[in-house]
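Take a look at this single chain, the form predicted alone, given in structure tokens.
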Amino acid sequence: MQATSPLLSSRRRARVSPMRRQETLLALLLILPSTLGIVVFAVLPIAASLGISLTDWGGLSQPNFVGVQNYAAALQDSRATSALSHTLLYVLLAVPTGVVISMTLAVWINNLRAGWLRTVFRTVYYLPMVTIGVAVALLWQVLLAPQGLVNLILGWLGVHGPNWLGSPTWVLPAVAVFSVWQGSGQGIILFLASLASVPKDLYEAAQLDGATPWQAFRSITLPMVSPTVFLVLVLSLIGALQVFEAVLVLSNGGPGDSSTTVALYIYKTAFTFFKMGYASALAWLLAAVLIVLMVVQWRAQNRWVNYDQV
């Protein structure tokens, strides 16, 4: 390889530098608004939260540095531990159920022969996603009341419905049902997009070989859409670990603390008890739990996600 002399390199840089400088300046100007937005609304709040978590700031008082005292207190807080157990139970109830229901409905909609019916059902199932969450939660509060429509229908079937939102046993399953209903539209849209990319000739070949619909689903559909299953699983897990609005409106964490999740506990700690430093420490511990679960999911995907498609 012929060595380039310093003089030649210097001349090349001098020849292209005006255009490159203009392009670089234009690129910097184009990305400047987005960069400022990320810095102001994401990076700075995150850094401020980390700093506040090391103080005893109450919101209006002068903050005093306390080191990792808030983190040590959070690890010994029985209410925080209880909130974490409620959150994990909610995750176990809502995430697998949501993924299975979204995929089942997507396969059903994808197999509809009438195109206008597919459009109608896509719209219907996605409507809860674009509806104000507080409004639909208030509606479900009425439906899940002891004398509400849900218990009325169960009564017609001969089943005595419980006090869904007033029972420590049933409140979290009730919130999970509401969340699955509200969030399934996103999963359905993602699965429908993935199902549209599955080659039809694979199903035709399976049909010629005498495969049943279940065998075709298990051997063709599921492997082909497994990257989308992983994506929906990750998005659902992130959303479930941060569940807040549904719990706040439907039960406000009650009865007692039986449905208090970590996000709701952080909110009450910060804005009811004005312990901003302690609430920030709880938020960082929740982020740590979320990161650990994401790493586990990411490493486990190699065993079941198929990226070798068409």
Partner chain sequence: MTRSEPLRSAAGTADRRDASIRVRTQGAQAALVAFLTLGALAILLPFAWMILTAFKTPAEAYTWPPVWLPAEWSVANFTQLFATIPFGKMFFNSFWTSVLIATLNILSAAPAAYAFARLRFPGQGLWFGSHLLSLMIPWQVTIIPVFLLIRALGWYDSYTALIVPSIASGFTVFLLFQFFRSLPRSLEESVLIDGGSWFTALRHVALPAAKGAIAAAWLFSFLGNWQSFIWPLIVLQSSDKMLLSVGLLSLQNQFTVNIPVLMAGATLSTLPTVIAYLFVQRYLTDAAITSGLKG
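Numbering follows the first chain given and starts at 1. On a predicted model such as this, the values are computed, not experimentally measured, just so you know.
Omitted from view is the form predicted in complex with the partner chain, to which the following refers.
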| property | result |
| --- | --- |
| Close approach of Asp257 to the partner chain in the predicted complex, 4.5 Å, heavy atom | no |
| Partner contact for Glu245 in the predicted complex: the partner chain, 4.5 angstroms, heavy atom | yes |
| Contact test in the predicted complex: Ser34 vs the partner chain, heavy atoms, 4.5 Å | yes |
| The partner chain contact at Gln186 in the predicted complex, heavy atom, 4.5 Å | yes |
| Joint contact, Ser49, Leu105 and Leu152 to the partner chain in the predicted complex, by non-hydrogen atom at 4.5 Å | yes |
| One residue of Ser167, Thr97, Gln141, Thr81 in contact with the partner chain, assessed in the predicted complex (non-hydrogen atom, 4.5 angstroms) | Gln141 |
| Options 68-76, 82-90, 167-175, 236-244; stretch whose heavy atom lies within 4.5 Å of the partner chain in the predicted complex | 236-244 |
| Residues within 4.5 Å of the partner chain in the predicted complex, restricted to 23-51 and counted by heavy atom | Glu23, Thr24, Leu26, Ala27, Leu28, Leu30, Ile31, Pro33, Ser34, Thr35, Gly37, Ile38, Val39, Val40, Phe41, Ala42, Val43, Pro45, Ile46, Ala48, Ser49 |
